[in-house]
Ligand code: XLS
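Here's a solo chain for you in structure tokens, the form predicted on its own.
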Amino acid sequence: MTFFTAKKAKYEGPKSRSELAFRHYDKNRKVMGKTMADHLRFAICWWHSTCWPGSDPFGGDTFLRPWHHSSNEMEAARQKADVMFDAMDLTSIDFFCFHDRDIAPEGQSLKESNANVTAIANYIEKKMAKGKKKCLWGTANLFSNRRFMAGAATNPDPDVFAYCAAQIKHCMDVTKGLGGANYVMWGGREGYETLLNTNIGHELEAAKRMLALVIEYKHKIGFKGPILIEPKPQEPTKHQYDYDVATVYSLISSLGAQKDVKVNIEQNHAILAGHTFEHEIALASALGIFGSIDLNRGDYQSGWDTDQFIVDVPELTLAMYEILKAGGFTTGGMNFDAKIRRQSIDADDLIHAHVGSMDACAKALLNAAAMIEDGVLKGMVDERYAGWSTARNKAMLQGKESLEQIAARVEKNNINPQPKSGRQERLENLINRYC
């Protein structure tokens, strides 16, 4: 099946005028000791790339893809897999991500659904071997079916909780079989619409128990990668229990699971939570739970999850700077959880979208590496906190002085601190030098 007409995108350098070429992304170029491909670990996602038909709340499908209206659902699933691997080849993307219901149709029972997923996973595995592609992560779709309208693990019906556990188990098995580097727990409907019918205490306890079960099973089957939780503040529910990085950390730390569970951070979700993309990355790093990235952007004029391809180099530079400071990716990567606009109906629009965003990420990587290597920004931050490097002030932070001792020292030495400039404007100007 021939779906795309585009030729494989290649690196042509910053001066290239080609409409479909990499100007900055040279996957084998070394940056700070690693290739660009190893730094960025790009992944294409199944759901937005081949599953989304271009519909919205006010209009139907605009993408008339042949598999969307096929009478043979399993054949359509194989067609989607063929297109996915063609897209990876044309963009030189090495990884993919999936939900179980993305790759195969849901059956009349969980047993039938599992059989469908296993069959298509076997088909995917053969294509992976042929194309030398890898699975960044898999996850179970616990939000689309109407059984999940009141949540999945947090559903008031214990039968739904049990069904979720069974579906997750199978998806973890499939992800492990495909060599997945991570497994994601995305709580699409883990939240509430109104407190009038909600027992928050019970639902939080149920979410905690499901995560504990998943961690236990991860070790039982020898799954080496981390479990990733993706923070999201709202939509589709009024309030999501995995609101932001700080909220997710509360859940992870309550189980003492910081070694097993990390976060998968998305720009659009960070904005909806009232943060910045770089804030969520920096906080995750500070808390020791930085894992992976879902790469997209929202529309700042629309207060919902628009999932657009991100091409904002300055914003990406700040995010990449925090990623490099965090030590870069280990098992994680940059998954394009983004969809082309519903008016972009040409098949090749999907290739252009990925290539453009990949190039923006590559330019951001070069900018961030330059910021790291010259050390000016770090030096200014270090200077601001230099007072904490003395033995006495270290002792104060480490709990070696009591409140009374600290107070007595301030009075004895007549300590009278004066404000120092935060120099924000100078720092913002500094960032523009790199971007």
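So that there is no doubt, residue numbering starts at 1 and follows the sequence shown. Keep in mind that what you see is a predicted model, and the values were worked out from it rather than measured.
This next part talks about the form predicted together with D-xylose, which is not shown.
- Checking Phe309, Trp186, Tyr321, Tyr183 for any heavy atom within 4.5 Å of D-xylose in the model of the complex turns up a single hit: Trp186.
- Residue-level contacts in the model of the complex: of Asp173, Asp305, Glu106, Asp260, one residue has a heavy atom within 4.5 Å of D-xylose, and it is Asp305.
- Partner proximity in the model of the complex, defined as non-hydrogen atoms within 4.5 angstroms of D-xylose, places exactly one of 361-369, 210-218, 133-141, 107-115 at the interface: 133-141.
- Within this chain, Trp52 is remote from the site of D-xylose in the model of the complex, having no heavy atom within 4.5 Å.
- D-xylose in the model of the complex is not approached by Glu280, whose heavy atoms all lie more than 4.5 angstroms from it.
- Heavy atoms of His99 reach within 4.5 Å of D-xylose in the model of the complex, making it an interface residue.
- Interface membership of Glu230, defined by any non-hydrogen atom within 4.5 Å of D-xylose in the model of the complex, is confirmed.
- Residues from 261-294 that approach D-xylose in the model of the complex with a non-hydrogen atom closer than or equal to 4.5 Å are Glu266, His269, Asp294, in the order they occur in the chain.
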